[in-house]
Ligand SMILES: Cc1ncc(COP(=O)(O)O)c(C=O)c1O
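Next up: just one chain, as structure tokens, the form predicted on its own.
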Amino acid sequence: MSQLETPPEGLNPLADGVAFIDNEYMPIAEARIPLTDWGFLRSDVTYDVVAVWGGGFFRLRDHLDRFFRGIGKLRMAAPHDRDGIAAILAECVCRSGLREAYVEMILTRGTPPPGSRDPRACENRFYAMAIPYVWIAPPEKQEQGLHMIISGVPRIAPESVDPTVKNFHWGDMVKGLFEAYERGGETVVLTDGKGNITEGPGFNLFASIGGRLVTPAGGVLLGITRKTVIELAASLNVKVDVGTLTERELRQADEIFISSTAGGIMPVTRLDDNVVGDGGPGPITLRLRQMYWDAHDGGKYVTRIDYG
């Protein structure tokens, strides 16, 4: 439905989402980028996603910090400062009317002058959008937990693509997902090719081993939800080791869960052909998951949105 069409009474025509492109706001269905943008042609892009829950951004400052760090590492320059981007994201949400949203900011290399292949000649382009909240695993699925496969596909080496810069280099992840589906799984985690666990498509991973939590330090995005888990665990006096997690250690874990902006803290109850723990979400996972969602009610993590 175009913005110019009259929606049914009481229905916001932008409720499916709002995009910000070329300094204009538009319905998400009308959003387009140039085919010649290197963000599309070469995956020369960084992005970040912040959740809105109950009408408030969750850890917006942390997401902006990570976004700008990625921009710097890619030698790009944003056309808007932090406050400007925060205002654009809030406006996308306001226009959509969404109280639970998945809000994305994107900076691409842009398009070079005709005939040029020099990335320094590109004018970097900023895009944003707000769409209804996205779940890796919806709450009803989390009650029983996910079936995860450890893939034989190795993660792209961090020496080639820096995983701390949020990116669209998902060829290894997608290949791993197809492997998981073919083996009866629902999601996948990749190793570094040397027997050490890294991450999965859009999430970090934690294992509870002997009362402590272990999460990989290398080859992973430094997730904001991951950071929240570490902080919440500390408040419970649960030790968190950020270091090496081997495939063998993961198979012996008492509990496994994944963390992501797209769903929070989500239990894994089956790993390959084996049940994890007693086959249900474990007590540490459930406690942290409750604390995570409680933290969305207000306090230091939440930036309220003025819907006008």
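Numbers for residues come from their place in the sequence shown, where the first is 1. Source: prediction; values computed, not measured.
Absent from the display: the form predicted in complex with the ligand. The rest refers to it.
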The ligand in the predicted bound form: contacting segment from 203-211, 70-78, 110-118, 181-189, heavy atom within 4.5 Å: 203-211
Any non-hydrogen atom of residue 38 within 4.5 angstroms of the ligand in the predicted bound form: no
Non-hydrogen atom contact residue 53 with the ligand in the predicted bound form at 4.5 angstroms: no
Partner proximity in the predicted bound form: residue 95 to the ligand, non-hydrogen atom cutoff 4.5 Å: no
Residue contact check: residue 147 to the ligand in the predicted bound form, 4.5 Å heavy atom: no
Proximity to the ligand in the predicted bound form, single hit among 224, 197, 85, 103 (heavy atom within 4.5 Å): 224
Within 4.5 Å of the ligand in the predicted bound form: residues from 35-71 (heavy atom criterion): 47, 63, 66
